[in-house]
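A single chain comes next, written as structure tokens; it is the form predicted on its own.
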Amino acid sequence: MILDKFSLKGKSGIVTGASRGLGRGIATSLAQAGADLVIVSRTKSVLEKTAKEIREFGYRVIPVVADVSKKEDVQTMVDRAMEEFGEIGFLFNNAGIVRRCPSENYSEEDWDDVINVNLKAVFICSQMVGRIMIKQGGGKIINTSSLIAVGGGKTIPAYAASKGGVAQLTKALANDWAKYNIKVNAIGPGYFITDQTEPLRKDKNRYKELSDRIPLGRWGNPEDLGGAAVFLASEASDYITGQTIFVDGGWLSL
């Protein structure tokens, strides 16, 4: 039956940046679809809270505190997943940060921080997990890109560069690893209600400018990513690789 292909029962995986916002919505949806999870964040208190909420649904979740921009932390994350589950069926590279400043004043420190977390970490995590998936005979890697990979945004040059890089890295890894039965795709969220977008929502003029362009008439909630996340992690997407699925309320259709 087709609905069985969307089930994640018996599958396990990792979600980075899972303690809040989009990552929390993604992790909750994957767990509800039946997956066992390692969820990862740098903030222990918030991560433990998210893990507790997911467990209350009756699902298995292992919180791991790690900075995915550091290779040794990524190794710890991967080792823990293998210890708990014996395999990694999917990896969801969601961890990300944003620093806002006009481009003429944008600091090198902010540039490096954003690129390291949003792009370099995606490669490090994918490479480490990819090596395991090659030995396993396959797997799914899903990256969080953004509609900003297509548009440039304002006052976020490093974020725009990093998310454009994630979209291209997704294609590159999909090409390299198709022969190993590893599918690599991305989700491109539009404007969502999260901590990261709070400055935009507090700016009444900018908020109205952005909101007026969304055909569906509202900003997304983290749970709105759940369907795409489950689809790309499940067998239902087995013939899809190298793609970015935009979940943007119709923003890019205009």
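Not measured: the values here are computed from a predicted model. Numbering starts at 1 and follows the sequence shown.
Below: the form predicted in complex with a small molecule, not depicted.
*Asks:* Are any of the heavy atoms in Arg60 no more than 4.5 Å from a heavy atom of the small molecule in the model of the complex?
*Replies:* Heavy-atom contact with the small molecule at 4.5 Å: absent for Arg60.
*Asks:* Is Leu232 near the small molecule? Define near as a heavy atom within 4.5 Å, in the model of the complex.
*Replies:* Looking in the model of the complex, residue contacts with the small molecule do not include Leu232, since no heavy atom lies within 4.5 Å.
*Asks:* Heavy atom to heavy atom, is Arg42 within 4.5 Å of the small molecule in the model of the complex?
*Replies:* Yes - in the model of the complex, heavy atoms of Arg42 and the small molecule come within 4.5 Å of each other.
*Asks:* Look up in the model of the complex whether Glu56 has a non-hydrogen atom within 4.5 angstroms of the small molecule, and give yes or no.
*Replies:* Output for Glu56 is no: heavy atoms all beyond 4.5 Å of the small molecule.
*Asks:* From the list Ile134, Val150, Ile97, Ala167, which entry has a heavy atom within 4.5 Å of the small molecule in the model of the complex?
*Replies:* Looking at Ile134, Val150, Ile97, Ala167 one by one, just Ile97 meets the 4.5 Å heavy-atom criterion.
*Asks:* Using a 4.5 Å heavy atom cut-off, which of 103-111, 173-181, 83-91, 141-149 contacts the small molecule in the model of the complex?
*Replies:* Among the candidates, contact is made by 141-149.
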